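Two forms of a single protein chain come next, each set out by itself as structure tokens; they are called structure 1 and structure 2.
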Structure 1
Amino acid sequence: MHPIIITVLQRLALGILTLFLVSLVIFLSLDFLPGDFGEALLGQSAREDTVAAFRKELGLDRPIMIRYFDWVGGVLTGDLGSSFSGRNASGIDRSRTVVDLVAPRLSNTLFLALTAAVIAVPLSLFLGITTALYRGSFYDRAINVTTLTTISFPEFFVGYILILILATLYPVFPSLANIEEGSPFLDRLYKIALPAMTLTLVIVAHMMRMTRAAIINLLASPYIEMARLKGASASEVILRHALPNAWAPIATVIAFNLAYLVVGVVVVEVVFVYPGIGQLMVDSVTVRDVPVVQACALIFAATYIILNLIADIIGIITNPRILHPR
């Protein structure tokens, strides 16, 4: 077998193992629920048998391994159980299934994150590469100072500054991104302009600085100097010598920041009251709706792990040293 296939398979196996362990951690967290949880959730007036029935429904009376495999089986077949909210002391169950709650919001979040990524990735790669090539120039220093400041700002600060300027003082965009199902694409884009802009600003700063550092690091390596000394033209150095080795660091930078985007989206959704999965998670944490929180955490963690996995695999299959084994 080609060594590259073996390396990729090893990395895939490691990724699956990580996913398995992370799902285990998220699942086991339910077991740390304080003992009086049923009462806290169902209210003071809950009868003992209602609490017992609730605990039984959660399966807290069954062995842990069986519960875990039930849960994983459910996750794989799209059944994440039902939400805690909507239950009460009388034992009447008006709760909705977790999938019903999560599914429509997941597509909203993906839409927002993708829009931000589509703007941020090319922009930051362009800025990162040009500042690396013209480093020390006024252009480089100006961009550096700007991004260093943006990095230190919390996401909600950036968001509210944008609202203040672009929604209140000069009403160009709406400050609430309350999109509805079935609204036309352009209308949706217009509504999410400010949240997408906030995410872009935060991500571009990080991604651009990391790209710049990666490129500078690369251009300092001996074989680039060798190529220059050999008399290769600037474009030849960049395209033939630098680029083949640059894919891995660039892929890592993009994946790292898209993973960061996943986290940033939580705060930004709350700022702009955007009906996404991040806001759902925060609301569920406030009311301690554990099944919904677990589902959201699993989705976020899986996205994070898979993005990093993809970056690693891109790094492996574009690595000239593995591509052309001796």
Structure 2
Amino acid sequence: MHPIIITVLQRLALGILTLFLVSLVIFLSLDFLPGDFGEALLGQSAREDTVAAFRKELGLDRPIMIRYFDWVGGVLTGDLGSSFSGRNASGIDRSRTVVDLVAPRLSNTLFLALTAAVIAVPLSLFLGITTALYRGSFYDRAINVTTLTTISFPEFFVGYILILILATLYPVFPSLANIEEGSPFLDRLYKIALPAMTLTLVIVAHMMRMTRAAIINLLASPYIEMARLKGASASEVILRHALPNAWAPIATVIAFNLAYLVVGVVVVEVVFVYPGIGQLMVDSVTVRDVPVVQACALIFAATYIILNLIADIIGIITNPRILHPR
């Protein structure tokens, strides 16, 4: 078997093992939190036997490992359980499945993340390549100062500044991204303009600087010097010689930031009251809706692991030492 196939299979096995361990950490960490949904709903004045009966109805009285393996088995079959949010102290159960709650919110989050990625990835590659091409120029210094400024601010601060400028002082975009199911595509784009702008400003800085650093690092290689001696122009040296060998680190940075667009979108969704999975997770934590919190956390972890696994595989495939073993 080719070494590259063996290496990719090893990375896939490692990714599956990591996801399993992360699911265990998620389940145990939530279970170890003080209190539970029964106590939160019934209140401190509830009798102990009432709380015990309610916990039994929810299945919270079973041993933790049995509940964990039941949950994992359900996840493998696409069943994430039922939400606690529809239950009440009178025994009436109007709960919905976790999939029904998470699916539309996840779709909204992916739409926001994809919109930001479509803008941020080409922009960061363009800025990274051009700043490396004109290294040391006024353009290079200006872009570096700007990106350092934006990357030093937390997401919520950038969001509030954009709201102040583009929604309050100059009302161009709405401050609340309250999209609804079935909204027209252009209307969705208009309403998510500010959160998409916030995410773009935050991740472009990191991707651009890493792209620039990867290309500049390769420009010191002997084969680049040989290309220059053969009369290749500066743009040809970067685009034809340096950039193809810089794809591995660049792909890793892009995958890391794409994972952040989904995983780190929680703060941005809360700032703009965007109906995504991050906002759902925050609301579920508030009411101690454990099945929904577990599902959201698992989705975040799976997204991060999968995207980093893809970047790792791209780095392996683009490595000539593996492609052409001696």
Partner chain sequence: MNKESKIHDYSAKSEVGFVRTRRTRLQRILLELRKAPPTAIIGLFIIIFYIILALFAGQIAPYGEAEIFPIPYAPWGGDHIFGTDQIGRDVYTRLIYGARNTVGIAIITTILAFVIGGFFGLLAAILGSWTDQILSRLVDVMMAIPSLIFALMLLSIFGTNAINLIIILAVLESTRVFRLTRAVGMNVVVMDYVEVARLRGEKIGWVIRKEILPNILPPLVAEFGLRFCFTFLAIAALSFLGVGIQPPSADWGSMVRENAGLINFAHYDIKAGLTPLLPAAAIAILTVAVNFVVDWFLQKTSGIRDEK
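Residue numbering: structure 1 sequence, from 1. Just so it is clear, the model here is predicted, and its values are computed rather than measured. Whichever C-alpha set is largest while still superposing within 1.5 Å between the two forms counts as the rigid core.
One chain, two forms displayed separately, with the form predicted in complex with the partner chain being the first of them, structure 1.
Once the cores line up, the CA of V287 ends up 2 angstroms or more apart between structures 1 and 2. The two forms, fitted on the rigid core, differ between structures 1 and 2 by 2 Å or more at the CA of I224. With the core held fixed, G264 shows a CA shift of 2 Å or greater between structures 1 and 2. After superposing on the rigid core, the C-alpha of R67 is displaced by 2.9 Å between structures 1 and 2.
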